[in-house]
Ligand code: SAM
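As a starting point, one isolated chain is supplied in structure tokens, in the form predicted alone.
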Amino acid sequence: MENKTGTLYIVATPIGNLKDITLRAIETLEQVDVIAAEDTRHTLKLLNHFGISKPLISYHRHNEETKTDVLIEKLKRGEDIALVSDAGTPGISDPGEEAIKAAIKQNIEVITIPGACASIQALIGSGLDTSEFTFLGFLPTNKKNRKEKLDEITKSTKTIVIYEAPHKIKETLTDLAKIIENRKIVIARELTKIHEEYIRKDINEILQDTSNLKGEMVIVIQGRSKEEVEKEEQDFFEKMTLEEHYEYYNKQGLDKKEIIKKIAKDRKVHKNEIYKKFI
């Protein structure tokens, strides 16, 4: 008889207020054989608060590669494992992604236990558009990679959500001030804690005093208006001759019919008018 493999549970934990843990998360932590924790000392405090006693294994960014194999072996032996991060949902700018990928590859069942997630909490409380958004996690420290992400923020028509640590907040706000112009920005700090705060001010006003910006922060940035993007694109194409406009799309591998449709749309004219030019 083949041994049944264990199940990997991805368990969301509170991001501040311990009351935000779900009944299902408590039940799962009580029932698994092992808990893989980003910081075992931090998770032990959570477990003690709810009277849970389970073996803990350290699983964080610096040992993720080697410890993933350890977790998979335990799961293959039939042990159930709960994976938790220090706060919030594992795998979202926190360890967990590698273990999930490895478990799926080995046909091991993965069950997610939903709960707190700082990025979603900040987004819904920001007052900015929630219909479409892009989550970028922490901005890279590498200059080239950071510039690429800042360029993405500059061009995006979607709401952008990023994380930032207090010792880097001034640098990040300075970089953002150069690119977002009149777009709104909201800083959500100390979410679910006693000093929870949503800062809704002009970014330059926030920059005048960053000394009170403590705790982990989520920055929510309004996307560019579609009207602004359309106007910019129209200006871009109006500077081209029709031949240059045609070549612009031709280089992208589009066929003649599609190119004519796109040029007509860009220039806000009927496609027959463009078609006549290229007969």
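Values in this document were obtained by computation on a predicted structure and should not be read as measured data. Counting begins at 1, following the sequence as shown.
The same protein has a further form, the form predicted in complex with this ligand, not shown here; the description that follows concerns it.
> Please determine whether residue 116 contacts this ligand in the predicted bound form, using a 4.5 Å cut-off between heavy atoms.
Judged by the heavy-atom cut-off of 4.5 Å, residue 116 is in contact with this ligand in the predicted bound form.
> Wondering, does residue 82 line up within 4.5 Å of this ligand in the predicted bound form on heavy atoms?
Taking the distances in the predicted bound form, the answer for residue 82 is no, it never comes within 4.5 Å of this ligand.
> Can residue 87 be called a contact residue for this ligand in the predicted bound form at 4.5 Å between heavy atoms?
Yes, residue 87 sits close enough to this ligand in the predicted bound form that at least one of its heavy atoms falls within 4.5 Å.
> Is there a heavy atom of residue 133 lying 4.5 Å or less from a heavy atom of this ligand in the predicted bound form?
So residue 133 does not count as contacting this ligand.
> For the chain seen here without its partner, which of 124-132, 71-79, 143-151, 91-99 has a heavy atom within 4.5 Å of this ligand in the predicted bound form?
It is 91-99 that comes within 4.5 Å of the partner.
> Within 124-157, which residues have a heavy atom closer than or equal to 4.5 Å from this ligand in the predicted bound form?
Read in sequence order, the lone residue that approaches this ligand (within 4.5 Å, in the predicted bound form) is 138.
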